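First, one chain by itself: the form predicted on its own, in structure tokens.
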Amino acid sequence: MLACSAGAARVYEVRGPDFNYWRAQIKCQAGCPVHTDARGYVRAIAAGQDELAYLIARGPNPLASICGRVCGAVCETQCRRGDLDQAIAIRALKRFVCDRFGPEARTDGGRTLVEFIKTAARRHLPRQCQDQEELLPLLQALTAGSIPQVKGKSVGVIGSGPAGLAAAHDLALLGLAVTIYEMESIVGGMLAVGIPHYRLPRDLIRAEVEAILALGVTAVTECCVGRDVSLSELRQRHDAVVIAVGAKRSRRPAYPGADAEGVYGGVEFLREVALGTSPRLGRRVIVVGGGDAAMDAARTALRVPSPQDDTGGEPGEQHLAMDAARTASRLGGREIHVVYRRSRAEMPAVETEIEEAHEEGIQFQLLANPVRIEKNERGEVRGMWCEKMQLGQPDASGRREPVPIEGSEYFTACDNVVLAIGQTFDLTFIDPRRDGLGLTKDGRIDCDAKTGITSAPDVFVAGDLAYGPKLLIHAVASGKAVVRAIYRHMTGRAIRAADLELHFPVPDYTREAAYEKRRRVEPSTVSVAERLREQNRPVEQGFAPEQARAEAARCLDCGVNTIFDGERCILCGGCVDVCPQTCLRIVTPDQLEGSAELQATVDRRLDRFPRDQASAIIKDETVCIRCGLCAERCPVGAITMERFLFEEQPVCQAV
């Protein structure tokens, strides 16, 4: 079989499938920064094997439950089903099994989660498609001694966001003594102070953190490095230090009036609300920006109680009346505008967040860019002047550059402005010369973005600080990668992977009835009135079991492949005729373009037979839906549906 993509007419760019090709077909797993086998847990849910699904989801990701609520879901953007109609709701399905088996579902608060994983895993062996980041093979290798634990050494982790927590988790598994230093009063970093409660409940964060602390990790809160302890002191205290501070400072614009009373940075605004010290907001608020932080700030501003709400609890009917009045006030009493300089199509925020903001009555001023903030005589915000924009040519980000329209300035009255136009880092605790660390032009620590290695041998960097702001799951991947670099630094040995590849025929291959026609099932949300009645009320609701099964059944199961036996094929064309997606073609080898290796393979098979008189079957993987009709139609059994399995067993090697 040759895999292909169409090029010019009658010519096809092809490649012969190998291990990397088969792995890449599972696009959700290949696209995930920690290589979670999303296909595996989605198909397990479809089969009613929820415990197995959780083990797969949790395997490479110590923050699986948190990701089930707020992950940017790279897997969904990669999902092959999205090329057919709509991607599988992978994140919501992850939440479905985490709600049942994750630390938040355990009466002990997550303290025995890892022991549960070890025990449950024995009920579900063997597993499919295990990447080297999987927890179970690592635990097995540590138990067997094939990966020696590191004893008598310690690591300090600065910051308890997703990168810091992921690093602490894996460092502890490898036997190191780990201490997290967190400047806030709670562990979680930006998870706890940057994501609103209504998206990520705090009891869930606490449960996820508790599972990591149960591994022996120590967390020191309200400890600001640079104020309470210096980086130099931490380096003397520990054998290695991981700097995993997030981008917790808002970027401030240069336009006039940005220093007015009532102007807040998006990060600082969300932090104050999360810690219970909500800023006083007036009736009209403008939020500048189009990303997730802007949506969070706008929707949070709608939920912040008005000053008149700050009264004691009234008893009985009076309390109910006041509660109703406050709800009505939030529904109609505060006007929120989002100002964004591009169009809706270019907004980087998650689509569901934009839609829910619309539902809640937030107004959008698109193709508008702030020019200045106007103050009143007391130096307070009076309003904002903006100019209208039009989209020009694409810029470096690939999005069309907004261009001002001359003479289009307009004024919007407001009481507050929240600036959510980007984030940066606070690295005032670092002295480059003293600490032997270089800084980049954009204010980060100079390091290898993949490993976190810096110019100081005992200092490593993880998360946004390593590569700039990205998604939560990228931070988790970065924290895990740093652990391997630290292990190598301390032991002189590298944790690598030994690959094993297998294809197994799937006898009597069948699919769910009309699976290719099913529409995506979306998680339900609470009504707008309910959302705003309680400031921290979670908006998205989890799937019910029947919803989860229905949605999981839509998965195309990209680990199953059509395997062609050229020795048995009689070139009848039945497979081509029956394919509902027209992804199979019979062509002559002279229509094929590919690597020199591929061409040499074709020449060997032809053994000087003329190319224009021979035949080859090519398949366009981008449109195959794994229906199995080609295998069913083949009269000679030349086509089989086979499941691709692989395992990357972690091994320890000297370097």
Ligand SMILES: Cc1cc2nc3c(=O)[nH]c(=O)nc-3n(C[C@H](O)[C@H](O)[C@H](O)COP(=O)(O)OP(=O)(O)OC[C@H]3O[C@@H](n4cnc5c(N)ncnc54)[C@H](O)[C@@H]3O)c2cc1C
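From 1 onward, residues are counted along the sequence shown. Owing to the predicted nature of the structure, the values given are computational and were not obtained by experimental measurement.
There is another form of the same protein, the form predicted in complex with the named molecule; it is not shown, and what comes next is about it.
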- request: Can you work out whether the named molecule is within 4.5 angstroms of a heavy atom in all three of A57, P103 and E210 in the model of the complex?
  value: no
message: Contact with the named molecule in the model of the complex for V70, defined as at least one heavy atom pair within 4.5 Å: yes or no?
response: yes
- prompt: So, in the model of the complex, is K248 in contact with the named molecule at a 4.5 angstroms heavy atom limit?
  reply: yes
message: Is E182 part of the interface with the named molecule in the model of the complex - any heavy atom within 4.5 Å?
response: yes
message: Please determine whether I570 contacts the named molecule in the model of the complex, using a 4.5 Å cut-off between heavy atoms.
response: no
message: Exactly one residue in R199, H238, R342, K388 has a non-hydrogen atom within 4.5 Å of the named molecule in the model of the complex; which is it?
response: R199
task: Just give me the single entry in M190, A167, V155, V287 that has a non-hydrogen atom within 4.5 angstroms of the named molecule in the model of the complex.
output: M190
- prompt: Taking the partner as it appears in the model of the complex, which of 534-542, 372-380, 436-444, 289-297 has residues with heavy atoms within 4.5 Å of the named molecule?
  reply: 289-297
task: Heavy atoms within 4.5 Å of the named molecule in the model of the complex is the criterion; list the residues of 139-162 that meet it.
output: I158, G159, S160, G161, P162
